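Taken one at a time, structure 1 and structure 2 that follow are two forms of one protein chain, written as structure tokens.
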Structure 1
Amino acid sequence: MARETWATRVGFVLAAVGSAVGLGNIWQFPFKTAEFGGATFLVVYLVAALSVGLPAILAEFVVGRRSKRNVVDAFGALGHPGWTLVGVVGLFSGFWILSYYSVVGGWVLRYVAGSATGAYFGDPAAYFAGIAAGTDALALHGAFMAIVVGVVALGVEDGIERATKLMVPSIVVVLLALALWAVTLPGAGAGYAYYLAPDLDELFANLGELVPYAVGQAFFSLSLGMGAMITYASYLDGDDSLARDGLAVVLFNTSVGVLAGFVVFPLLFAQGVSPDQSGPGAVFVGLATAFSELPAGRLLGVAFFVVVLVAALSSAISLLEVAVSYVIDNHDAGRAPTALGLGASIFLLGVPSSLDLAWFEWFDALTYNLYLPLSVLLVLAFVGWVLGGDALDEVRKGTSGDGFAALAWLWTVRVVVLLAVVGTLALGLQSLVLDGAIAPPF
């Protein structure tokens, strides 16, 4: 059977944006920005996204489009079967992350309903504590995975492309509307000040922690290291400029993170809610408190959590597609049963995370500190030092000029980006060991 492709280039870009824009943007990004000194961190993040994130996403696009294979077989198809293990690491990481990402997806589902009925209005903190882990969380994790399976089962063009073409614009429209509305809130000014006023002392005091964070966040946020961008680019036909698409995804993704801050902070400050809460419940408890005190809070709560849900779904879809693509490229298996079988396995892997937050945090810690940087490192080393000239050739397609920019990209990948990832990985391992987080929480 012929391999599927995107119907349009815009469809590919929107699907890639859909993968990138997710929980990472709407929750982590604004909170971290505020924690690390506001506007100044935004600048550091932007530099990281453009100088490290963009070359890295381009590297994954090259592997995908040039091989037109799934993440595991891509390396062999490019003539380097010895590197297949890199793809296996990516595939495994994708399985791993989706298993607990989906648990958060389940919480979001619950908050859409809870906003509509006002269920959390009495005591938002107790509400979160009550729903975060246990059989309810398990059931909702299952419901979230079921939706993801449904979209992926429909295929690249009819499922993923069609769904994300609708999802991505709706995320932007609703976030924009919420951000504009937030301007009108009395007390919103304190939120903007917190978010945007540069705090240089804070910035310099935390520089050692901040730079690796900005780099790691750029990877997670751009869906790198999980095979997602490799897989999506493998469905590309034609010879358009990959750099242009990569730039579009990076700018779009960063803008949505920034925009989310323009919703979150005025809302919190207008209601006198402190943004200093941390842990997986921050966005849920903080914003739920704000919604429970606002006029029309139910409606706003539904609008906000639907956006978070859509963003989480379009990211989760890309993760499941990584594994589905591998199976259907290699076996005579139908897409729908494959999506169902793999979705069920990922659901099972997520059961401990849905029942006990200690497991959830262990999965998350290993993702950020180990799998993600390791997997990105291996892909970049491959593209920079092994694929080399072939990668240049792929990047030069669809561009005019003497190709100097492509050469600059290759050397950026070989040196700058590789060093940045090695640093991130070293710090990640250090924190895993120091926190004793490497062992599972039995």
Structure 2
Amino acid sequence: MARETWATRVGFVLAAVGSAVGLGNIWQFPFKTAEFGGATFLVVYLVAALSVGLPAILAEFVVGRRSKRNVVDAFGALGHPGWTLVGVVGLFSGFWILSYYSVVGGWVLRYVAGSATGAYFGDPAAYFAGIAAGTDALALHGAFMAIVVGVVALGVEDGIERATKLMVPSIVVVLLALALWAVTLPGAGAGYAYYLAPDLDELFANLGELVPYAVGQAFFSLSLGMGAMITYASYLDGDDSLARDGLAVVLFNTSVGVLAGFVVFPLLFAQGVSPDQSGPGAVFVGLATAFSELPAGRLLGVAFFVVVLVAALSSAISLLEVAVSYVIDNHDAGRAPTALGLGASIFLLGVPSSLDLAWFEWFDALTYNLYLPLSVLLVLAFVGWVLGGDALDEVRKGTSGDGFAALAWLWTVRVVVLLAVVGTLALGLQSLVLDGAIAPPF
């Protein structure tokens, strides 16, 4: 069976952007920003996205395009079967994340309907508490996964590429419209100040706590360490510049995350809603409270949560494709039944997170503090110190000049980024141990 490829380079970039521009930007980013001091967190996150995220995404692109294999088999195809475990960690991380990510997707489905009917207007906090866990959350988790399975079952070109070409531009257009509308709100200026004016004393005082979450947010929002970027790059057929594609994805993704902040924080401050709530329901409760107090709250709520839903689907599609790609490459299995079987398995793994928020938070804590930094660290070590010269050759394709930039990238991966991720992993493990989050919440 011939391996599928992207129809166009633009299709690949938009699919990679779609993978990156997901709940990490519109759900995780605002509440992580609020939880860690507004602009103070934003500064650290932007530095992390450019200095760590960009070299790392290029490393994953190199593995994918040079091997033209799924995330597990890529390392053997590159002549280093002993490093296959790196791909297994990436595959597992993506599987793990999608299991509880899909639960959030179910919440978003409920909030689209709740916005249209005004169901949460009476008591937004009680509404979230009522839908966040339980049989309804379980059913909506299943509904979200069914949509994801349907798109992936259609294939790379007819399903994923076609869907993301529609999804990504629609996310930007609606977010931009909402951001322009938010400028007109009385009191929005306080939201911009909170979001854009960092407290340097707080920044340096809390740097040790901020760094692992900011780097973890960069990994999460760029779909790094999940096998997604390796898988998507493996469908490339050509020698276009990976560096340009990587820069485009990072800049586009980061811009959408920042743009989401320009919607969320002015809206919250204009309605007198505290932005410093923490936990997975922070954005849902805070924005629902704001929408409930606006004259056009139902319409605005529907518009915002539809954007969140589209973003969630674009990322979830990429995570399911990681596992589907592995099975199709190794077994004589059809795409549709493979997507259905794996989707069902991910649904089952997500059952505890849909029934109990304590499980949900445990899954999320392990993702940020352990699985993502560990997976990215292993890929960086492989590309920097094992693939080495071959990685340089891949990066130099489609570029002009003497290759100095490619060499600088390689040594950045080998030393600077590698050490940064080692430090992030160490801080993350320390956080898990100190918070008692290393063990499941039985």
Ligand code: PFF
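What you are looking at is a predicted structure, and each value in this text was computed from that prediction instead of being measured. Numbers given to residues start at 1 and step along the sequence of structure 1. For the two forms, the rigid core is made up of the largest set of C-alpha atoms that agree within 1.5 Å on superposition.
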| property | result |
| --- | --- |
| Panel number for the form predicted on its own | 2 |
| Yes/no, residue 363 Cα shift of 2 Å or more between structure 1 and structure 2 with rigid core fixed | no |
| Shift of residue 32 between structure 1 and structure 2 at or above 2 Å (CA, core fit) | yes |
| Residue 214 C-alpha moves between structure 1 and structure 2 by 2 Å or more, core aligned | yes |
